[in-house]
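Two forms, one protein chain; C-alpha cells for each follow separately as structure 1 and structure 2.
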Structure 1
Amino acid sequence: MKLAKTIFRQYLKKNGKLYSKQREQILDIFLKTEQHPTINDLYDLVKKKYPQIGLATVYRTMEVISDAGLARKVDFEGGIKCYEHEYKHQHHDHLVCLKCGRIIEVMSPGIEKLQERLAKKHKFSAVRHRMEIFGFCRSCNRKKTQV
C-alpha cells in the first residue's frame, strides 16, 4: 500500500504532474477496493467520503493512475468497463459469473504455454492476451442446482 503511493508520487514528479489531495483520495479508494470497480463505482465511493469531488476528476485521475502502472482498464463483454489493480498483480485471466457478476482471477501456465505455441504457428508475435471464461461461480452454481 505504502509502496504504491510512493510509486504514484514518483510517477507524478517524474512526469511534471502535481500531487493533489483529490489524486491521493481517489488512489486511496482504488487501492482499498479489491473488486473490479467501474468509474461509477469509484465515483460513488469517493463521493461518499469526499463529496466535493467531480466526476471528471475521477476519469482524469484513473487515467493518471493507469499511466503510473498501478491500474489497468479492462473491457468486459456488454460494454462493461472497469479498473483492476496492476501493481503487484502478475498476469492473470478471469472467470466471470453471469449471475452475480463476481470476477475471479485465475492463472494457468499450461494455457499460457499453448497460447505462445498457437501464436508461433501463425507467425504472430504475441505481446499480451486476455482470456475470460463466462459461467456460474461456485455459490451461484450451488443455488442453481438446489432449486
Structure 2
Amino acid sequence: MKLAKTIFRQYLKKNGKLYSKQREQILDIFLKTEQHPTINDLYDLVKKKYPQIGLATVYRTMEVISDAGLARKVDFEGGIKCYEHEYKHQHHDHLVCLKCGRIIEVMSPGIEKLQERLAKKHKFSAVRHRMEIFGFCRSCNRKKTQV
C-alpha cells in the first residue's frame, strides 16, 4: 500500500494536482477493498470512517486515482461502472451474477493462451482484452432451486 501511495503522490505532483488528506483517505479505503465498488459503494465505505467527505470528492478522487494507474473503471452490463485495482494486480477475467451483482475474478492461463492463438491465427495484433461471463453465482443458483 505504501508504494501505491507514493505513486499517487508522484502523479499529483507531476500533473500539478493538489494533495489532500481527503484524497489519501479515499485512496486508503479503495486499496483496502477487494471488491469492485461503484462510486456509491465506495462513498458508503468512506462516509462510515470520514463523514465529512462528500460524494463529489469521492467521484473526483477516483478519477484521479484511475488516471494515476492505480484503479480501472469497469463497465459491466447495465451501465453500472465499478472500479477495480489496477496496480500490481494480475490480468483476470470476471464472472458476473445477474441476480445479486457479485463479481468473481478468475484467472486461466489456458484461456489466455487460447486468446493469443486466436489473435495469431487471424493475424490480429491484440492490445488488450477482457472477458466477462454473465450468469448466476452458486448462492443465487441455490436460491432458485429452493423456490
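We call the rigid core whatever largest set of C-alpha positions still superposes within 1.5 Å between the two forms. Here, residue number means position along structure 1's sequence, counting from 1. The structure presented is a predicted model; accordingly, all values stated were derived computationally and were not measured.
The form predicted on its own is represented by structure 2; structure 1 is the other form. Pro51: CA moves less than 2 Å between structures 1 and 2 after rigid-core fitting. With the core held fixed, Tyr11 shows a CA shift below 2 Å between structures 1 and 2. Hinge motion between structures 1 and 2 is captured by two rigid parts, the smaller swinging by 16° against the larger on C-alpha superposition. Relative displacement of the Gln115 Cα between structures 1 and 2 on rigid core alignment is 3.7 Å. Here Cys100 exhibits a Cα shift of 4.1 Å between structures 1 and 2, evaluated on the superposed rigid core.
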